[in-house]
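Only one chain comes next, encoded as structure tokens, the form predicted alone.
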Amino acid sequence: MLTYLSRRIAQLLVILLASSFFVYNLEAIAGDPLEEIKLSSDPKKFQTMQALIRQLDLNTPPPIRFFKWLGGIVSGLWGNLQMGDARTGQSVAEAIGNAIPTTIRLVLAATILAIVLGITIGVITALRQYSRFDYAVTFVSFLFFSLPIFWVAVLLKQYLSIGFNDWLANPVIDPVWLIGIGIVSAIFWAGVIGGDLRRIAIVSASAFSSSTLLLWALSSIDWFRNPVLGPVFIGVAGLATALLITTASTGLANKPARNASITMVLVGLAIYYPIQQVLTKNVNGWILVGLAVATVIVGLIAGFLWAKEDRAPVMRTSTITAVVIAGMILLDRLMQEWNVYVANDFVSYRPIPTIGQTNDMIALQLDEEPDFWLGSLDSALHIILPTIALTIISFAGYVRYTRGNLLEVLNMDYIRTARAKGLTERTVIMRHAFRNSLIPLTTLMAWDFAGILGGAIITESVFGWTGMGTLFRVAIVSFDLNLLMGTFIITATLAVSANLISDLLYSALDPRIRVGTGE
């Protein structure tokens, strides 16, 4: 393994060196940073040109300039990283340091959401091959895959921001919409669960009635104007989630896993009011990290105590349930700031923004920086539309890849052997087929995570965010070579690292693959 890693890392370093050399020189030759100044009528343009030539070292041939720049990058190995200055005079390292958190916040949630939803729906469509649900998801996937991101972003702005904000002035759901949403819910869940006609009829009726009644009740109590979860909703939703997680993880017949998951719901309800004393306005990130660690530990302990044998699946199930319940409690705490937020003069009861990363004007009315929860709510509302836009585009690819890979695995001999041995269908799918179907997806997932810091150029432009994608676009337009190479070296390093990580993940997912044992 060590020999394999050493050889691959050496190869990756050569690739990085060669690619950065060609990009640097091609951009230096293709672009002229003096062009705009040459065409100006400024009487001092000669002096401006000379100053820019000295600043950018344009009298030095591009290959030599590249190795000067490379020396600054290599010096980072001993803590003296030098990426040069952008044309604005700002340090490139500082500009990238400011952009990376923005890009991570913008793209990370969308990437994880697309992976989880895409793989989940992909598995269901594979198990319901050639059903109406499969055809519908296939159509939607191809539709999403073909949509341009800028068009999706504009539609989201119009309907989920402007239209939704207008609706919040009088948030009453029309009966036609209630019936329409109920029908869509009935069709969706009937397709997911499947079965004979009697089962489909029961599922459809249950989904239709529950969705319409829920929306009617929320509209009747004016929940959309004053949203809150509360212990009752967390208890009901948590119980349903616990049973769903248990079904997917171990099967509902696994009594220890079911009991451990239900225990996590009861623990969440028991600490709901006491935890409010911890989640005050002055809470900080370290307290939340501590609570997250405690959540995982409690989940593991509950699974360990309930299971007498084969503890790993039970501990996994209870831990996932604990994390979901904790997420509901945090969401509830966040929603408690809703009325304060929407009543702000600079929000004016139009909470879904169309542009920007945060609403910096809120602090003007408060005469101070917003507290943790108010600031988090503002950031969360600003990220909703970009996250949906990016998720829609990535979701389609994961659905198609997962469906195709799982169908291929399900036709293999060892799957037929597993069924012939009498294993349950859930065990065959989750423990045998699903794990092997993930192997080709590891490359796609690794590349998606590597592309996080590359930024979403179009999405950032449409929604007015300033991340890595914006820096990359500005660098190209302004012929800013230092800024371009700073963003390039970050994204290129992540790209080649993703390739290495995906190879290592292959061996973890498939024991037959052992890296480093052959040529």
Partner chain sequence: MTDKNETSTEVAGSGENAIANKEIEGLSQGQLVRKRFVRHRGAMIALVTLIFIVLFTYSASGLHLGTEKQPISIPGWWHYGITDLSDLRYGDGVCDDGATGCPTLQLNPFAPEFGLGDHPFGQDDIGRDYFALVMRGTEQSIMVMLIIGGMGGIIGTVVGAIAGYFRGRLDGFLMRLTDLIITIPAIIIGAVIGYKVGNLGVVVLGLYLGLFSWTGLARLVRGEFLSLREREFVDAARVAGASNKRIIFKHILPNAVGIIIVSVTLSMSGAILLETGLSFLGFGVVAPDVSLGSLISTYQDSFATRPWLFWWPGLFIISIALCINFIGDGLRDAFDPRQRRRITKKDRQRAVTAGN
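Residue numbers count along the first chain shown, from 1. These numbers were taken from a predicted model, which means no experiment stands behind them.
If you look for the form predicted in complex with the partner chain, you will not find it shown, but the lines that follow are about it.
- Using a 4.5 angstroms limit between non-hydrogen atoms, Leu147 touches the partner chain in the model of the complex.
- When contacts are judged by a 4.5 Å heavy atom cut-off, Ile457 counts as touching the partner chain in the model of the complex.
- Within this chain, Val154 lines the site of the partner chain in the model of the complex, having a heavy atom no more than 4.5 Å away.
- In the model of the complex, at least one heavy atom of Thr491 sits within 4.5 Å of a heavy atom of the partner chain.
- Look at 232-240, 158-166, 314-322, 261-269: in the model of the complex, residues with non-hydrogen atoms within 4.5 angstroms of the partner chain sit in 158-166.
- Checked against the partner chain in the model of the complex, the residues Leu58, Leu70, Ile476, Ile37 give one hit for a heavy atom within 4.5 Å, which is Ile476.
- Of the residues given (Ala217, Leu143, Val293, Val172), Leu143 alone sits with a heavy atom within 4.5 Å of the partner chain in the model of the complex.
- Contacts with the partner chain in the model of the complex, taken as any heavy atom within 4.5 Å, map to no residue of 222-237.
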